[in-house]
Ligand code: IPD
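In structure tokens, one chain follows: the form predicted alone.
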């Protein structure tokens, strides 16, 4: 896995450099997927770069990507789970909270995860059972015991058809924590829990490519990971994503009770 991790890091850095260059050159175009979700030409360019590099190295592997339509996969086989830009709305509006997310899974488990923010040049990565890192520094969750001291992040879906339920959770959580953040990139939110900048994160509507890499990074950093609604047992954990909680271990159960 060490060689595969190093290859993944290099791919993420190349894709990150490319999307940064496109934005700096004012070379972006925007469109809408399914009428609700922003996509830029940079998403598509990054997607092709990452796929081409993976298939050059591992031509027999599967790729599960946000920007591809065919999504029937056997997750027991070697599979790459990629988000060419996590935080596209941030990216298109000149914000820094956007990242390349690449996970490698086999045997229904994520074995390698890389999340790279090219705008801050921050590289989060982990290999299974080898710890989590930000650059060369090993990272750990911040150990807290009281939910009232936690800085917690969340996110909202593109479709605004479930606002009362979303706001109900927010109303229950916000008074019980130190503060709430809505930063716009699930992958980076989870990595920020891993390195202690946040102590909790939750979100109901996610996709596997949003969180696959970051979940491994958080787990390797000592985070508690679970779900505030019973997950579908037919879905392998490597692509399980909805109703996600990632937090410092000793506040996990309290946060989960508020979200259920």
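Positions refer to the first chain, counted from 1. Nothing here was measured: the structure is a model prediction, and the numbers come from that model.
Absent from the display: the form predicted together with ligand IPD. The rest refers to it.
Between the options 73, 174, 96, 158, the residue in contact with ligand IPD in the predicted complex by a heavy atom within 4.5 angstroms is 158. Contact with ligand IPD, judged by heavy atoms within 4.5 Å in the predicted complex, is confined among 104 to 112, 182 to 190, 120 to 128, 160 to 168 to 182 to 190. The closest heavy atom approach of residue 79 to ligand IPD in the predicted complex falls outside 4.5 Å. In the predicted complex, no heavy atom of residue 57 sits within 4.5 Å of ligand IPD. Residue contact check for residue 41: none of its heavy atoms lie within 4.5 Å of ligand IPD in the predicted complex.
Put simply, residue 206 is close to ligand IPD in the predicted complex: some heavy atom of it is within 4.5 Å.
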